[in-house]
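Below, in structure tokens: the form predicted alone, a single chain.
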């Protein structure tokens, strides 16, 4: 297992290089540059050219790439053009709200999806199954930005139960922090994630309940609860765990929209601001950071497989 984990961590290096190179080429090919944000519209072309020279943007693209690449292999993501601080520091400052919101969203998705899928499987072909799967389809189809706006209008404007925008650091006031992130986390967890988890859990439980070892367990006189939770779910949950792990990357992607709707100062908001400001180092660093989290989440899923099913071994 240790050798496997080390090998997977080494695979992270070429993945980060590929992602960073792709983003570098994409944003440099796109029209515009940081001078349009840093300088006013009245700035002359001489002033813009001087700014490009100061930022090193007047050099050929391959020179800029190798300069960025040499920094990357040293663990230096560069300095943000608009924020005037190291990109790594900007990411750390914005990691807390995005991380807490992602954990809350994943928890909500599991609390809705896993029990819903189990109940739907046990009540197969009944009206309960149809209702639960209809809710799952609704969550799968509904756009998260529309759901975010509707919930903000309902709970923030009409009912006034929660604040609409803003964020309080967790260490400053944990309760207020959760209140600010509850609706955004529900939007991310419900729209798509809980539906996928619910449908997959239902399908896997239905398949597992027809296995021979389930019939054997029942013939031994074990209670239905023991049969379901000890024998059936342990095997049925393996594919669901894959979806849960892969959902983390989707949550970070969905956070780009939700964080901007609710003005949450997270990594998603940093990404959008970097695009608008043509802040190349911040944008590249944020994308590489998100890609690294996605790869590490998949590694955690593989390790969890071994903990759930001892028959699985990685050489």
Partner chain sequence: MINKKMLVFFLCLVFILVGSANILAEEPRFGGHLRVGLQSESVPSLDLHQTGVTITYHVGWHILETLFTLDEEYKVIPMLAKDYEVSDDGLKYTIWLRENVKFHNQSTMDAHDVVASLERWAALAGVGRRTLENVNNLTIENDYTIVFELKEPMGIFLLNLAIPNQGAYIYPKELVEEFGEEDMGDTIIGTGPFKLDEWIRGRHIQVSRFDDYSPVDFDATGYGGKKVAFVDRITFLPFPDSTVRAAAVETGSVHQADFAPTIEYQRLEAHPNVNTWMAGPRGFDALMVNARSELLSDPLIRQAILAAAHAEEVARIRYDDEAVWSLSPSIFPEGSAWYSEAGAEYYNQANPERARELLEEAGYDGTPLKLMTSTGRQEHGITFKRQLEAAGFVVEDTIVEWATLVSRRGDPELWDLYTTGFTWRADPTQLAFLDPNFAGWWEHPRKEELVEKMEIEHAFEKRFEYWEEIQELIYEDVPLIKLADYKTFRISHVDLKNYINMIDIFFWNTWLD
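Numbering follows the first chain given and starts at 1. What you see is a predicted model, and the numbers here were worked out from it, not measured in a lab.
The form predicted in complex with its partner chain is left out here; the points below concern that form.
- Each of 37, 44 and 149 is positioned with at least one heavy atom within 4.5 Å of its partner chain in the model of the complex.
- Within 4.5 Å of any heavy atom of its partner chain in the model of the complex lies no heavy atom of residue 175.
- Although the partner is absent here, residue 28 lies well away from its partner chain in the model of the complex, with no heavy atom inside 4.5 Å.
- Interface residue remark: residue 269 is counted as part of the site for its partner chain in the model of the complex, having a heavy atom within 4.5 Å.
- Among heavy atoms of residue 141, none comes within 4.5 Å of its partner chain in the model of the complex.
- Just one of 263, 49, 59, 70 comes within 4.5 Å of its partner chain in the model of the complex, counting any heavy atom, and that one is 263.
- Taking a 4.5 Å heavy atom cutoff to its partner chain in the model of the complex, the contact residue among 84, 74, 225, 220 is 84.
- For its partner chain in the model of the complex, the listed stretch (237-245, 101-109, 162-170, 201-209) containing residues with heavy atoms inside 4.5 Å is 162-170.
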